[in-house]
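To begin, one chain is listed below as structure tokens, in the form predicted on its own.
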């Protein structure tokens, strides 16, 4: 049965913003006006390499991945995004340039989206969102910086343990091949790491 997107409640999005700064009634109404619901089916693209990223996505339910396919056909996963997280190609979104990345849905995924133009309008009409999104972007930058440092200075086992800690809510939802692509190892090596951890706990 097709979902009625027009009746999709904005409560998860409003709850997210309220954790930063309580919103007024007018600001809640503004969020409802400027953010649009969108349903992506499993395996459907949110963004394809070569296209311009025109939406900032807040995941209500489901899971998205952002990734790059290299010249040899290998998939390098940059980020997984599940409930109450955000995802976009920030360089393409703000620079309005073609993206080098792909974003697709690993599950049927409901999002709220805002365009660059509407985001600027949100900042102008409700300045407190400037602070909210600044903190959001800063936190994302810190996470990506930590991931970069891990990739150049951590062992595969350390990256696996970090993944299990950061994405514990997704470990039973993601195929092993996806987790391996994120960590930067083969699925076979990931199996050995998981078996090692199971034996260590027992």
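Numbering follows the first chain given and starts at 1. Quick caveat, the model's predicted, so the values are computed rather than measured.
What comes next is about the form predicted together with the DNA, which does not appear here.
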query	finding
Option touching the DNA, based on a heavy atom within 4.5 Å in the model of the complex, out of 36, 42, 146, 28	42
Joint contact, 64, 84 and 137 to the DNA in the model of the complex, by non-hydrogen atom at 4.5 Å	no
Exercise: residue 184 in contact with the DNA in the model of the complex, heavy atom 4.5 Å	yes
In the model of the complex, residue 151 touching the DNA (heavy atom, 4.5 Å)	no
Contact flag, residue 162 vs the DNA in the model of the complex, heavy atom cut 4.5 Å	no
Residue 191: touches the DNA in the model of the complex, heavy atom cutoff 4.5 angstroms	yes
Candidate stretches 137-145, 28-36, 153-161, 50-58, one within 4.5 Å of the DNA in the model of the complex by heavy atom	153-161
